[in-house]
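Next up is one chain by itself, shown in structure tokens, the form predicted alone.
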Amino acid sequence: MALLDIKNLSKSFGDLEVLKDVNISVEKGEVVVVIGPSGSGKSTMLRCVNLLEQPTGGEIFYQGEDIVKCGKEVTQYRKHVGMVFQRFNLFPLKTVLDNVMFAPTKLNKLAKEEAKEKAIQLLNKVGLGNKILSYPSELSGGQQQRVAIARALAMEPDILLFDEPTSALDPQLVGDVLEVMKQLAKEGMTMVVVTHEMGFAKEVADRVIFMDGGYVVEEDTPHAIFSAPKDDRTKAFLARVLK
């Protein structure tokens, strides 16, 4: 049984149909990278999976349970399915340490000392053990994004969703964030990554999905997608981005 199974997912905003019959399955330990032009529905699909958007139609199964239909308690579900956003979404008036400790103490009722110890471990893991008392405004964008990853990991999720985690960063800051993500992949973290970083997709993905116009157009291994794409839309997109 797949850890995450998206079936016939659709999403409309008024008359605008953003997702049309999307089917994606993710196995435990798999890294699935979703690529495609802006406006193809990639981020909306992730937001539906995390129930930040309510799907218009279709089903999303997490460990065999339909999280859309069963009225699953959203907070409980999000403990298992973490999300890292494009814009970090850190609490500006909390220190780096407090940002990472917040959810485990509030939602998991973890004792403060235990949460602190765990937060420091995670901040060391993402290379920011020396910034625990800093505030987000004192960090670079890349550092803020690494704090956001540590914060998501603090809930010990089964799967991590990344919504274009490097697209808001200056080019020289992208590498550090991608290194953290590569390490997570090596450790077996299940990940669905929406990104424009084709090098990351080639190197780290188990499977690459190409979306366009609200549909999954093509999916295959990185080697197959990048060396011999089958669909003309995939070919045209890769010709543009791999110049």
Partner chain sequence: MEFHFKRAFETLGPSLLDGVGVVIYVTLVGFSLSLIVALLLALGRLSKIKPLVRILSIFIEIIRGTPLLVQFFYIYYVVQIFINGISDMLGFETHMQIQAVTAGIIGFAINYGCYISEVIRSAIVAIDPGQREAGLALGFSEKQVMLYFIIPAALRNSIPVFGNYLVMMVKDTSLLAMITVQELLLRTKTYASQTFLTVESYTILALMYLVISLPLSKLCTIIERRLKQSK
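Since we're looking at a predicted model, the values are computed, not measured. Residue numbers count along the first chain shown, from 1.
Not on display, but discussed next: the form predicted together with the partner chain.
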The partner chain in the model of the complex has a heavy atom of only one listed residue within 4.5 Å, and of I120, L173, L90, L139 that residue is L90
Q) Is every one of F102, K106 and M155 in contact with the partner chain in the model of the complex, taking contact as a heavy atom within 4.5 Å? A) yes
Given 124 to 132, 164 to 172, 111 to 119, 82 to 90, the stretch touching the partner chain in the model of the complex at heavy atoms within 4.5 Å is 82 to 90
Does N50 reach the partner chain in the model of the complex if we count a contact as any heavy atom within 4.5 Å?
yes
